[in-house]
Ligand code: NAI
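So this first bit is one chain, no partners, the form predicted on its own, shown in structure tokens.
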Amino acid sequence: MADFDAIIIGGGPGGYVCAIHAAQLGLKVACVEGREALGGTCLNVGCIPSKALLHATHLLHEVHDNFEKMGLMGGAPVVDWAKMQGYKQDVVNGNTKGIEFLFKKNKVTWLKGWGTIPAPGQVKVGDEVHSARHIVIATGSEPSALPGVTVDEKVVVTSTGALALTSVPKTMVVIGAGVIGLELGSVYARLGTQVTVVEYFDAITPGMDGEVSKSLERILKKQGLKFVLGAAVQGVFVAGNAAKVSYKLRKNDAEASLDADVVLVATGRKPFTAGLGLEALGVEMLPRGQVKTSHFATNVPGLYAIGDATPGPMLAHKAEDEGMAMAEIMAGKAGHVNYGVIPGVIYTTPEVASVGATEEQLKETGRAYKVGKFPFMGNARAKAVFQGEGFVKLLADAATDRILGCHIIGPGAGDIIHEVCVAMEFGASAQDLALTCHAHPTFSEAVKEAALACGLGAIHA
């Protein structure tokens, strides 16, 4: 048994960041993690391995579609799937080992095993019970189940299984046109798989800016993905090494089915809190399985929760920000997260990134706003790398010009969105962005042009 100032349960982005920052602030900290490696879902079977495969397959696409245009001649490469999987795992291992090093550097104790909370102020790992003034639940999330669908991680897979298939399937049905489904669908489409995405709603990426959503769907169709929208999946039936997905169209109740070698269930994620003992402790929960909190605190004194286990977008960087704020609070400081400035990114090609309000949300609230748009076809750098599709869309208050949101579909969107995040954090106007010198030639010039379009007009459109 050991006494700590803080014990964080979960070694994912929220948990490990919270643990490291709390240690930096002078607290004696332990982090409970039952996986063989730190980093949680994100580093082990989520964000990082999927980006490795997206990068590898994007380069494959470049070889086949664009190399000859640039005068790069020669035979097309052959995919060695086992070697690509090895590359992916090397990327994962490098990152998870890095977190382990940071724990040692900051004197964070890794309590290896799965934790339970037998009583307030106590965490049990294996046969040992440890005490702490502060306990933070940072246990993340797991894939949501779908009625009528049994996952075996071989034929019917979640994102975890999709990242580790033993071979590239000829056909794949993706259930769900959200971030995970589109990213992994893109990976396999580039590898030659016939990918069909089935979505319950009438548009892909539900909740995203409508104009961006339509543009992304059009571009992904050109890349070979097929879409069945407004379709409610009725069941998935497996026979041998193949599956049949039955669905019903919501507009007319017409029934149909699709055959596939692999079915990826990408219908979202749910909080993972099983086994913690929260019910016995009397911890208040929300209807959708999240831990109910007020400024991260639960109704049990000394017990807190952050990240995917709580309400809000299930994003690694949201969890990280909450981990930082939680550490500050435990150290007696004022931790804060600005939930109005949390960007979201889809790592397809082109990338999609957004922050703040969508145009639909502004209309719904009756907010008077103006729109500044600029197409990447007017951006010299984008055209030079064959990524002229897409645009930057900046939303600003009609009276004050204050930036309310930004939505980008185009090259490097996940990186260039951050200048808008910084601007919004400081309450900047569209004119502030327009008057900021941007290096030429860069993708980010499109943001400046969109800001100019909120005023007298863009220069290059």
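Keep in mind that what you see is a predicted model, and the values were worked out from it rather than measured. Counting begins at 1, following the sequence as shown.
The protein also exists as the form predicted in complex with this ligand; that form is not presented, and the subsequent description refers to it.
Does any heavy atom of Tyr347 come within 4.5 Å of a heavy atom of this ligand in the predicted complex? Judged by the heavy-atom cut-off of 4.5 Å, Tyr347 is in contact with this ligand in the predicted complex.
Would Ala232 count as touching this ligand in the predicted complex under a 4.5 Å heavy atom rule? Result yes; Ala232 sits at the interface with this ligand in the predicted complex.
Would Pro169 sit within 4.5 Å of this ligand in the predicted complex, counting heavy atoms only? Heavy-atom contact with this ligand at 4.5 Å: absent for Pro169.
Residue-level question: is Thr358 within 4.5 Å of this ligand in the predicted complex, judged on heavy atoms? Heavy-atom contact with this ligand at 4.5 Å: absent for Thr358.
Establish, in the predicted complex, whether Gly181, Tyr200 and Arg269 all lie within 4.5 Å of this ligand, using non-hydrogen atoms for the distance. Yes, because Gly181, Tyr200 and Arg269 each have a heavy atom that approaches this ligand to within 4.5 Å in the predicted complex.
In the predicted complex, segment of 370 to 378, 112 to 120, 171 to 179, 93 to 101 with a heavy atom within 4.5 Å of this ligand: Stretch with heavy atoms near the partner: 171 to 179.
Using heavy atoms only and a 4.5 Å cut-off, determine which of Val125, Leu163, Val283, Leu146 is in contact with this ligand in the predicted complex. By the 4.5 Å heavy-atom cutoff, the listed residue in contact is Leu146.
Heavy atom within 4.5 Å of this ligand in the predicted complex - the one residue of Gly340, Gly192, Gly289, Pro206 that qualifies: Comparing distances to this ligand in the predicted complex, the residue within 4.5 Å is Pro206.
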